[in-house]
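Have a look below at one chain only, the form predicted on its own, in structure tokens format.
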């Protein structure tokens, strides 16, 4: 896929700008983490990426075309932001097969991909005949992440994927994200409050504060301890 380009992107509610990014490029194949305090604009950015809300100004372009009001990017993008992305009256398997069908995958192809996530899903999700609505919050999170990844997207967008997961599952999904990025060159945008998760896997970490990019780091060249120091100063 071509680069993602952001130009003069703004989102305003009343007198308050929740996002203001003059210019930014996400290179193909990069695993980019977005970190920031509550209200920094992380989720707003990702919702604009998915054309779920309308920008106040500027645009986002994927493959050279604006995201807003277009369809071209949908066939290459997998995403999970929150439970609203789930179909809760389906079982997880039904949801995975439905998602795969939307992306042109048959049942066999979905099953082959699901095998990669067997350890992450565990025995509390697949094969239980539970509806998604009856799963725990953590297992709903797992189902959403897997549905976004099982379709093998060129672009993967996840909002706080480590939330609600137990420590073992957090480690497993970190490894799965890193492996997929390295094996297929998947471009990834992942937001998180947890800097440690991002620094473990990301080739780039963008720090947002009050809707603005205040640091744009490319480890290992850049010192990610800068971000720790930044948050430490904010806490004083």
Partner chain sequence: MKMLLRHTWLGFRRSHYFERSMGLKLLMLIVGFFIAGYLLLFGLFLPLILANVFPDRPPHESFFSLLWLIYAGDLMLRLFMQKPPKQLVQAYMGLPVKRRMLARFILVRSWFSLYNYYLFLILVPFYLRTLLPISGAAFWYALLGSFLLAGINHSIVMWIKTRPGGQAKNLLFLLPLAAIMVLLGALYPEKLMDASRQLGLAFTSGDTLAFIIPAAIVISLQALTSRGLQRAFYEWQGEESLYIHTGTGRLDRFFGRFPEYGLYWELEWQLLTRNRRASGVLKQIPFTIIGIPLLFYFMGDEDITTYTYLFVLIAGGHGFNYLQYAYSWESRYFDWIATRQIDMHKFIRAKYYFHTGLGFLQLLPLLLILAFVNPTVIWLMAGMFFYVTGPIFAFLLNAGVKNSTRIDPNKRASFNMEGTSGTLFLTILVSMLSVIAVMIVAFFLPFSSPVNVFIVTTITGILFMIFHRSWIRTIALRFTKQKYNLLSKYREK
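Numbering follows the first chain given and starts at 1. Computed from a predicted model, the values in this text were never measured in an experiment.
What comes next is about the form predicted together with its partner chain, which is not displayed.
- None of the heavy atoms of residue 112 is located within 4.5 Å of its partner chain in the predicted bound form.
- Taking the partner from elsewhere, residue 152 is found to have every heavy atom lying beyond 4.5 Å of its partner chain in the predicted bound form.
- Taking the partner from the other structure, its partner chain in the predicted bound form has no heavy atom within 4.5 Å of any heavy atom of residue 176.
- Heavy atoms of residue 51 reach within 4.5 Å of its partner chain in the predicted bound form, making it an interface residue.
- The three marked residues, 79, 90 and 103, each reach its partner chain in the predicted bound form, with a heavy atom inside 4.5 Å.
- Along 130-150, a non-hydrogen atom within 4.5 Å of its partner chain in the predicted bound form is carried by 130, 131, 133, 134, 140, 148, in order along the sequence.
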